[in-house]
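The chain below stands alone and is given in structure tokens; this is the form predicted on its own.
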Amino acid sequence: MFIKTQLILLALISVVLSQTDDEESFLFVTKQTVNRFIVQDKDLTVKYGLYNSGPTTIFNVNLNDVLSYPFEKYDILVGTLTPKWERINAGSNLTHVVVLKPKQSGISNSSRATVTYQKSEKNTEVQKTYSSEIGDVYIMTAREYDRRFSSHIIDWVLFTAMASPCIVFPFFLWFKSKSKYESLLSKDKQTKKAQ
């Protein structure tokens, strides 16, 4: 959360410093993973946030993040890595979500996404900006994830089954011995009363 706040603050400062014309807008793009852990063959959710920081609407917005998630290493389950929007109104934001499935484990580099847009209808010059970069991420295997984070119910059931004889057998011996001792004690009491 702290890093996200810092990124947004840094973005706002860069927007203020980089804006040259009061009539035109500037687009700021963030990219982040929603998942805390990235696991092979499990869903990976990537969220893009597009913020129009200026007083005018921007047009023909195209996001491209195919280089970060190549088709050889990821399956696309929901969404697209090349979305397009006709416009983003002044001062508004837009969120785009893609759900992927990593095919391989290991280190993967999630570089920045490229976004092209036009600052206004009058200005047909195409502007280019980049999203924030996630960087290197570790994709763990499903087995490693289960070993580290699952509830291990089967392990506990097996442990209980193996530990039970070590507890039940001594208890049985103690109970049998206690019963013998109590029966001898009661016989001894009865013998003393009879005399």
Partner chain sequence: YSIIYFVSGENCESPQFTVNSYSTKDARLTAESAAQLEISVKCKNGKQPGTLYADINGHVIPCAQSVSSPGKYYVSVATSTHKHLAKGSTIVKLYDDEAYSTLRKARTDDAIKAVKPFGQVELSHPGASYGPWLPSEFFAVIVFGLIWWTAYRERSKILA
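Residue numbers count along the first chain shown, from 1. Think of the rigid core as the biggest set of C-alphas that the two forms share within 1.5 Å after superposition. Owing to the predicted nature of the structure, the values given are computational and were not obtained by experimental measurement.
Separately, the form predicted in complex with its partner chain exists; it is not shown, and the next lines address it.
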query: Trp156: touches its partner chain in the predicted complex, heavy atom cutoff 4.5 angstroms; finding: yes
query: Any non-hydrogen atom of Lys128 within 4.5 angstroms of its partner chain in the predicted complex; finding: no
query: Close approach of Thr124 to its partner chain in the predicted complex, 4.5 Å, heavy atom; finding: no
query: Interface membership of Tyr145, its partner chain in the predicted complex, 4.5 Å heavy atom rule; finding: yes
query: Residues of 30-53 having any heavy atom within 4.5 Å of its partner chain in the predicted complex, listed in sequence order; finding: Val34, Asn35, Arg36, Phe37, Val39, Lys42, Asp43, Thr45, Lys47
query: Core fit, then Arg143 C-alpha moves 2 Å or more between the shown form and the other one; finding: no
query: Post core alignment: Pro70 C-alpha displaced by 2 Å or more between the shown form and the other one; finding: no
query: Phe37 C-alpha shift between the shown form and the other one of 2 Å or more, rigid core reference; finding: no
